[in-house]
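Single chain ahead, written as structure tokens, the form predicted on its own.
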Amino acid sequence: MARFKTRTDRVLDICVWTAPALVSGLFLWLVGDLAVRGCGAFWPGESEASGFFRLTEPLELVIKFLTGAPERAGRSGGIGPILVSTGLILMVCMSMAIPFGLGTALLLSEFVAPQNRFGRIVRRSLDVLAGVPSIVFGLFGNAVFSQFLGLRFSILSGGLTLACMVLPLLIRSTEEALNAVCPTQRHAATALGFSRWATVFQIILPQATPGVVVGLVLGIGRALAETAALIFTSGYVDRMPRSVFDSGRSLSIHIYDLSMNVAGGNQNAYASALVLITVLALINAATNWLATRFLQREAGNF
């Protein structure tokens, strides 16, 4: 019996270690492929002018690519206007999704009983919305924001559509993070005479910050990687936007267009995809760093 248990434990250990190894290997394979193919746009090899390799050339090409405008339908040039449009779309999306998402999660977690009929309907609706295909959100955004509200193809229309997509994910993850806070924390705050809002903002939210950050990062990742919904709302225009009421092309749409519709655009498509992955990694690192600093500051106040 002991031998059987030992073999079972070994098999389980192999399974437990194999699963994360496969996930990590897939991630490294994806990032490595993008890095090799994408860096080809920034690595000129030998300098024609001097006959030897200059270390400054790749850096100059990276800066030119990040700040320049697309040329020849994106086959050459840079992605400066694309990055600006992507940043504006993300800003509109998060400025709407964060307050509404956090407020709804607080309502469901702290002010609505788990068996309340209204709460159950809202949670079921959020679960359904989280599974709706992005193309449906695109058609909805085009009908409501672009046509009914008269925003047409614009960054504002695209950002509002992405906010509708991100909200279910953000609300449910934030609610779960709030529910994960130990009930004794709430009871202790009540015993000390804390008001309900003081308990929420001084006790519960700081404890739930890691879970809220996870939902925020997932929401940002989905917003940055979205393509189908933005095709019908923000448009294809690759010029520099003057305001959120102008049409703008996001980075994901730019990658899709170069790889599917532009002959000879694969090189810049890989380079743009590498930039997108890098931006996601930087946002993830910055968000986690801010959350860690916030928790350290809150711990120092006690």
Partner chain sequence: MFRSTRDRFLSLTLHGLAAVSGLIVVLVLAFVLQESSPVLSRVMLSRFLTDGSWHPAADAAEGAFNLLPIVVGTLLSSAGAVVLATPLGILSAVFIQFYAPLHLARWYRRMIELLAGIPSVVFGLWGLVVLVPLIARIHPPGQSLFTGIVILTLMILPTVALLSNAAMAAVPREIVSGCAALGLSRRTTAFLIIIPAAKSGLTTAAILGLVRAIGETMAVVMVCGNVVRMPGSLFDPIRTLTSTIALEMSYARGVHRSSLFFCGLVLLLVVTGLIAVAEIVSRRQLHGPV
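Numbering follows the first chain given and starts at 1. Each form is matched to the other, and the largest set of C-alpha atoms that superpose within 1.5 Å is called the rigid core. For clarity, every value in this text was computed on a predicted model and none was experimentally measured.
Unshown form predicted together with its partner chain; subsequent notes refer to it.
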>> Each of F100, L126 and N142 having a non-hydrogen atom within 4.5 Å of its partner chain in the predicted complex: is that the case here?
In response: yes
>> Can you pick out, from M91, V136, A188, A180, the residue that has a heavy atom within 4.5 Å of its partner chain in the predicted complex?
In response: V136
> its partner chain isn't shown here, but in the predicted complex, which of 142 to 150, 77 to 85, 180 to 188, 206 to 214 has heavy atoms within 4.5 Å of it?
Replying inline: 142 to 150
> Does L290 reach its partner chain in the predicted complex, with heavy atoms at most 4.5 Å apart?
Replying inline: no
> Is R72 close to its partner chain in the predicted complex, meaning a heavy atom pair under 4.5 Å apart or at it?
Replying inline: no
> Going by a heavy atom distance of 4.5 Å, is S95 a contact of its partner chain in the predicted complex?
Replying inline: no
>> Taking any heavy atom pair closer than or equal to 4.5 Å as contact, tell me whether L218 reaches its partner chain in the predicted complex.
In response: no
> Relative to its partner chain in the predicted complex, which residues of 87 to 111 have a heavy atom no more than 4.5 Å away?
Replying inline: P99, F100, G103, T104, L106, L107, F111
>> Would M240 count as moving between this form and the one not shown, using a Cα shift of 2 angstroms or more after superposing the core as the test?
In response: no
> After the core is overlaid between this form and the one not shown, has the C-alpha of L66 moved by 2 angstroms or more?
Replying inline: no
